[in-house]
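In the form predicted alone, a lone chain appears below as structure tokens.
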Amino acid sequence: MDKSTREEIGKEVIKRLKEKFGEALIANLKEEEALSLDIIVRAFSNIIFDEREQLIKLGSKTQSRAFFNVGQTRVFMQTLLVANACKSLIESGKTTSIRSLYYSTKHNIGNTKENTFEEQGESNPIIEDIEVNINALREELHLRANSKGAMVGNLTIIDSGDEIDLRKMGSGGWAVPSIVEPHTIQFKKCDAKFVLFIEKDTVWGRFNEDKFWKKHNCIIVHGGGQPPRGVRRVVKRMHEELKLPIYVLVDNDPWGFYIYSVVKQGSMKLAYESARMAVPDAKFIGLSSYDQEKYTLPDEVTIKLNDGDKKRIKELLNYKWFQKKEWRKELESMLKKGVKLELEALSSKNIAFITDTYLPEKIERKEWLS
């Protein structure tokens, strides 16, 4: 994406900011109405599961945020303060972290000792409100989140103008940034046939050291546990733009299963971004609740479910996106056996079992869940 296209995106986002947080209030004043903003509700009560698109989405419920309401005055002020800071960022052509934005908007109000923000926990939700209400990615507001995750494989990319061959990234891989939009990251030469998303960086390290991506012509990526926005977005882009299948490899526990669902359907926290981050076609390739018996893993490598695990499994069983027969069998089997398995448990066969046998067999036999 060239500079002019990036500038056009910036102009469009600024236009939406002005319409939502400027012109709407000017209209209130002209009509002699109380100053207020209609803000889309970001709560579980406003989250829906779109059966047709297989995505977790945010509904259309709104709530008023009024200047003359004593309980809302502070957050009303904070909303306009952050919106204006984002507008200034875009106009400057610079990006910053959400932490830096918090400090740049924190100051005393007038001659009082009252601060605009007391902690970052107040400003972060405001950023999310703005994203939702002007339908823009945080990255389009020129804001960066913490970077986490790495990638290697048969792909060449352009990162901020620099050509990077992901086949030559050593043991650490290419660190996936939080901003991976086309104006920053472009895909160039791709020879890969699929993308393997791996939950843990330690397991990803096994796949990288064993050159799994080279032997099986793919791209391997991890998110360091729950994948951050940048990783989810780049996986989505590789699926859509490069037409690559996405396989997901996670622990056999409720937390691993939920990570898969986040990659596939989106998360409740970021329901408003599911369409731009989730991959409904993503395939779950392991670790299955039936793999202990199938691969004769010893009981010694299992871990007993604790009360938190059992509670989480029951929560997953109530989610609409876990109602398929195959998924209920997985979760109910885990609950019945009372144990969970980490990916590293496969090392009890041998260190390279997961890369030499387990994954290649599953892919060849198409043993996955969707």
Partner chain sequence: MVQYKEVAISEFFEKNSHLLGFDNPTKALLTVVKEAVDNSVDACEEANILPGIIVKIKSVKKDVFQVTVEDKGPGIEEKYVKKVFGKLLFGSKFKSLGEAGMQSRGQQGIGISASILYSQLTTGESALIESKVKNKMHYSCRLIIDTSKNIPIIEDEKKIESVKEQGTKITLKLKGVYRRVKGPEGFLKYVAIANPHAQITFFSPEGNKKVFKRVITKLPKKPKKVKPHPHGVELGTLIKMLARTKSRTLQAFLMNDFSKVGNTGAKEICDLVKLNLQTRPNAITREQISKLMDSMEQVKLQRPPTDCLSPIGEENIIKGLRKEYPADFVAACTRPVAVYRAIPFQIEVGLVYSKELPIDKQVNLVRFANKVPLFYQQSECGIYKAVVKTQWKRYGLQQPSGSLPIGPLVLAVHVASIWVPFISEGKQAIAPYPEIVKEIKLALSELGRKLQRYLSAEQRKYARERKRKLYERYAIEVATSLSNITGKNKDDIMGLLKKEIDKRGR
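Numbering follows the first chain given and starts at 1. It should be emphasised that the depicted structure is a prediction, and the values quoted were computed from it without experimental measurement.
There is another form of this protein, the form predicted in complex with its partner chain, and it is not shown here; the text below is about that form.
Listed stretches are 74-82, 243-251, 230-238, 94-102; the contact stretch with its partner chain in the model of the complex is 74-82, by a heavy atom cutoff of 4.5 Å. Relative to its partner chain in the model of the complex, residues Ala175, Glu209 and Gly256 are all farther than 4.5 Å at every heavy atom. Here is the short version: of Arg276, Lys283, Lys87, His216, the single residue with a heavy atom within 4.5 Å of its partner chain in the model of the complex is Lys87. Think of it this way: in the model of the complex, its partner chain has a heavy atom of just one of Gln226, Asn135, Thr116, Thr156 within 4.5 Å, and the residue is Thr116.
Within this chain, Pro360 is remote from the site of its partner chain in the model of the complex, having no heavy atom within 4.5 Å.
Not displayed here, its partner chain is approached by Phe68 to within 4.5 Å at the level of heavy atoms in the model of the complex. A residue is said to contact a partner when one of its heavy atoms sits within 4.5 Å of a partner heavy atom; Leu17 meets this definition for its partner chain in the model of the complex. A residue is said to contact a partner when one of its heavy atoms sits within 4.5 Å of a partner heavy atom; Ile40 fails this definition for its partner chain in the model of the complex, lying far away.
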